[in-house]
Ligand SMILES: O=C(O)CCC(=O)C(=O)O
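Form predicted alone, single chain, as structure tokens, below.
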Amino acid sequence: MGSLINDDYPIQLSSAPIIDFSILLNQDSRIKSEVIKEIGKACQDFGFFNIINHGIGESLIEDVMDANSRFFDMPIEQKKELRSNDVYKPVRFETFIQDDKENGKLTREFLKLYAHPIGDWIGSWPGNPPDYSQVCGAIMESLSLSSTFWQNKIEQGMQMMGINCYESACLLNNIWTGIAPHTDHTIITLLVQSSPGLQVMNPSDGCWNAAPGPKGSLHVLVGDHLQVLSNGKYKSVIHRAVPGSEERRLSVASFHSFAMDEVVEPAMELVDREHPNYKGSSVRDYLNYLSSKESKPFLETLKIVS
């Protein structure tokens, strides 16, 4: 079994842009337009970029990490009260062990918090999520769609916080901490990590790239539903998590989608030859598929074969 920590550690994804969030608020349309083009190129070429100056202080991010670390420090007897394999449960703790073709078995602890509707769930979050509407709007503009194309849908939509805890680089019995390659079934995912460990696959050559960012930055990952909405122009980024050191690593992800039963399908402005490349689906459709334990990625089931 190969080690996740070796001399072949992936190169850094240095060509993925770092987007200054504050520029999206700039009244100069020319400056804003250039940033939107950068976002569009990043979504198309990598399915990934970083944002800085997003308005979340480093101290808040540190507090979020500390609060979650203290949660995972609790005895299993306390945490298991939240343990469930019900994918619909709004607050859920689980320990995962999964097979990975390259590295054998991977394990992690996971805490999920639903955030829909926002007013009902925000009290359960470990910290305030970022103001994602500006980022979402910029992505839509980069597709030459109105920036308000999905504003109401995303603001009233499905939101979930996912906190992963990777205890150390290696555990007993050759079980590594990490998560196998996957995509997120979201519009976008915003992620912050306590230390490097996120890797994304470069769609042009299939190579793994380390994806660090400036301290305090947020990672933005394109999800399956944005690939569907863009009719394949933007690609859902394949990513994984690997241990970077012997110390515990945390990641906090904010998953954003339309409402549970809102069907996402290709925007008509982006449909070629009057036919979409994907069937429509909802978050509930995805959760039903997830519950079925099918191994084929859900996105594959949505592709229309001509």
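What you are looking at is a predicted structure, and each value in this text was computed from that prediction instead of being measured. Quick note: we count residues from 1 along the sequence shown, nothing fancier.
Not on display, but discussed next: the form predicted together with this ligand.
- By the criterion of a heavy atom within 4.5 Å, residue 159 is excluded from the residues contacting this ligand in the predicted complex.
- Using a 4.5 angstroms limit between non-hydrogen atoms, residue 241 touches this ligand in the predicted complex.
- In the predicted complex, residue 164 approaches this ligand with a heavy atom inside 4.5 Å.
- Taking the partner from elsewhere, residue 46 is found to have every heavy atom lying beyond 4.5 Å of this ligand in the predicted complex.
- You can rule out all but one of 80-88, 190-198, 222-230, 67-75: in the predicted complex, only 190-198 has residues with a heavy atom within 4.5 Å of this ligand.
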